[in-house]
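Next up: just one chain, as structure tokens, the form predicted alone.
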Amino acid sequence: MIDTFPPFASPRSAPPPAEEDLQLLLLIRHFELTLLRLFEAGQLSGTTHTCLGQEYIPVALKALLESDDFVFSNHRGHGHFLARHTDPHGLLAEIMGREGALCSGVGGSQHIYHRRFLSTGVQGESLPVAVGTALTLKGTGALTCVYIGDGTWGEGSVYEALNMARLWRVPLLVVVEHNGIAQSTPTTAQMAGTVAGRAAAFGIPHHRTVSTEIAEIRAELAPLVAEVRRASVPLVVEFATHRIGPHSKGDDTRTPEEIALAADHDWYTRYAGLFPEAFGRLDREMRELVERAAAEVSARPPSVWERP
């Protein structure tokens, strides 16, 4: 049984999100869906991990991050990247190994380095590096934001990093996307205690949010993130979220009931019903934008990596 959460605070009737936020949400959604279609068509190699259902998290955080901040991501990082750098062409070229790729096509879906954004597919690898980066930012007002999942709390490097972050008092924002399942293992089967309890063991403040409403999330987190910058202290923010897609391309081991529960909390369906006119227009625009990007990038020659 997947670890489930209390009902989200997000109401079935709510003010519409800002147009630029909804536009970004839909860009990420259609980018991820396009990747899955390209894999099905045999146009992509390797694997990919989509953030379907979790797009609102990096979109909400976008307005709280500044240009001097560093962002560290994980294997499920396309939404993190697009919220940080709105460059679907460059990201798709990287994944497809085509000309114009962010990292000459050698990083692929999971390993990207671009303008203070770094991602890795190795669980727990980014947090110690993020702590070191945050140490260099002390006193500057900038911070390091690092995304991890609930499954990553099984890695020893997480605890070494949290220990150093607290001892050194570094401006570190740890964003936990807790979707209740680590690849195919329910969190209840692999994690004793809570994220809050583990953060408390190091004396690190913790905040948990169950909302999917972007404005509400920003209002909750803005003063907390400001304190990370002002006082140069670490903070763990835990999002109770739902992954509506498979772990990677098609390996979803959840029961139909568990998948339906996740889908019932999808912002996409809710916004489509609440704001049909604005949603329909932007949904069409972003779907067509990503379709054009996929066609254009697919026609490019392969990327060539040149040794620096």
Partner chain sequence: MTRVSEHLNRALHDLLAADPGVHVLGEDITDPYGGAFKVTRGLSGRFGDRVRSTPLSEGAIVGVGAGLALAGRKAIVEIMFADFATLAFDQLVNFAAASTSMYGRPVPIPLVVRCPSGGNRGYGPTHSQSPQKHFLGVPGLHVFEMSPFHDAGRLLETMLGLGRPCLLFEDKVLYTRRMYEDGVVDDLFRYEVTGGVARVFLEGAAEPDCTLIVHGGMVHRALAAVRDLLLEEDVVCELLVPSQLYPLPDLPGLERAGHVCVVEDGSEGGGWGAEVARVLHPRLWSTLRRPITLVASAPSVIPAAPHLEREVLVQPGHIRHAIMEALS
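No experiment lies behind these values; they were computed from the predicted model shown. Positions refer to the first chain, counted from 1.
Heads up, the form predicted together with the partner chain isn't pictured, but that's what we're talking about next.
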- So which of 224 to 232, 103 to 111, 83 to 91, 171 to 179 is the stretch with heavy atoms within 4.5 Å of the partner chain in the predicted complex? 103 to 111
- May I ask you to check whether Leu118 falls inside a 4.5 Å heavy atom distance of the partner chain in the predicted complex? yes
- Give a yes/no on whether Ala219 approaches the partner chain to within 4.5 Å in the predicted complex, heavy atoms considered. no
- Message: I'd like to know whether Ala200 contacts the partner chain in the predicted complex, with contact meaning heavy atoms within 4.5 angstroms.
- Response: no
- Check whether Met164 has any heavy atom within 4.5 Å of a heavy atom of the partner chain in the predicted complex, and answer yes or no. yes
- Message: Is it the case in the predicted complex that Val122, Pro128 and Thr136 each bring at least one heavy atom within 4.5 Å of the partner chain?
- Response: yes
- Query: Counting only heavy atoms, which residues in 67 to 81 are within 4.5 Å of the partner chain in the predicted complex?
  - Reply: Phe70, Phe72
